[in-house]
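Quick setup: one chain, the form predicted on its own, written in structure tokens, and binding and motion questions come after.
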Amino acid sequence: MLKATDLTKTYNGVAALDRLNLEVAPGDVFCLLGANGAGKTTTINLFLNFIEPSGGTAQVNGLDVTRQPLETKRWLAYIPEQVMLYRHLTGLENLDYFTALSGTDHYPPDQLRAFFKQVGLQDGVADQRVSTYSKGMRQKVGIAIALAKQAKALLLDEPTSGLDPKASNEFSRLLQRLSGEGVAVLMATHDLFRAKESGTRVGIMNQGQLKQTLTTAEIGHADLERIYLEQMHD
């Protein structure tokens, strides 16, 4: 569903991303780990076509994002560190607006409320103004928007940053559910524990390069931390 081939981005001759090659298949949760400046957010932004590559290609469902930007965005949903919603509107009004904006068929109110229930938001929350929501609740609205859009690929940039352990755990369970439904997930994160719990694979990035890829089922938390620290010192 997501594929990078020699994907490169340079600024003034300095590589922010250096010949990245990766694939995220339906059902994969691929977590990009690395320090600030490692190239994680650059990768996400290239798949979203927020920035243009200096070389290589980013593809969504076999389509080049630079050549077919509108078509590729039909398959994508994006959740940044801070989900931007209209604070003066209710959660339901936000969901209705952003779903319509994506070009998805109009949903009746009962169906919109069903999306809130699917992401674990309690009854009544849909009718509250977003200004009263916690960060964890706003992130869940982002997932609800992805569900309503019927996105086949989900791009996340530090989505659990600032969440308490309970909210982080709930977010991980949502990702696992989407994985089970065949959604391809690419997540940039600093959180090694959450990457191990949520991801099917992790990729360790340093100085714009993908240094190592690991399957989470085959390693423990301590092993992941040790390998990560080794790569950071290289």
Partner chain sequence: MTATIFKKELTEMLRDGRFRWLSTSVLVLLGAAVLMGMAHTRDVQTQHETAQAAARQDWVGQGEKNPHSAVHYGTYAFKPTMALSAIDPGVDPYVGVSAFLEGHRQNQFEFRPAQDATAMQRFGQLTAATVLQLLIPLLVIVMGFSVFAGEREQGTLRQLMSLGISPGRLALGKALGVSGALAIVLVPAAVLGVVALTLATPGAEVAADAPRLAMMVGAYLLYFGVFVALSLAVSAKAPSSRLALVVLLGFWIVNGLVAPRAVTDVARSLYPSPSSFEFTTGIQAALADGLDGQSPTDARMAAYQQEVLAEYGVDSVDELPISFAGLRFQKSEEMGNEVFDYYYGGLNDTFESQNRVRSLSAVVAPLLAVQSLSMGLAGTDVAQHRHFSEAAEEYRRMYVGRMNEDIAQNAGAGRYVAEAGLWASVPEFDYQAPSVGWVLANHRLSILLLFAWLAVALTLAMRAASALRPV
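Positions refer to the first chain, counted from 1. Just so we're clear, the structure is a prediction, and the values are computed from it rather than from any experiment.
The same protein has a further form, the form predicted together with its partner chain, not shown here; the description that follows concerns it.
Comment: its partner chain is not present in this chain, but in the predicted complex one of 167, 48, 178, 192 has a heavy atom within 4.5 Å of it, namely 48. By the criterion of a heavy atom within 4.5 Å, residue 84 is counted among the residues contacting its partner chain in the predicted complex. Among heavy atoms of residue 135, none comes within 4.5 Å of its partner chain in the predicted complex. When contacts are judged by a 4.5 Å heavy atom cut-off, residue 158 does not count as touching its partner chain in the predicted complex.
Although the partner is absent here, residue 120 lies well away from its partner chain in the predicted complex, with no heavy atom inside 4.5 Å. You can rule out all but one of 199-207, 24-32, 49-57, 170-178: in the predicted complex, only 49-57 has residues with a heavy atom within 4.5 Å of its partner chain. In this stretch, 135-150, the one residue having a heavy atom within 4.5 Å of its partner chain in the predicted complex is 149; the partner itself is omitted from this view.
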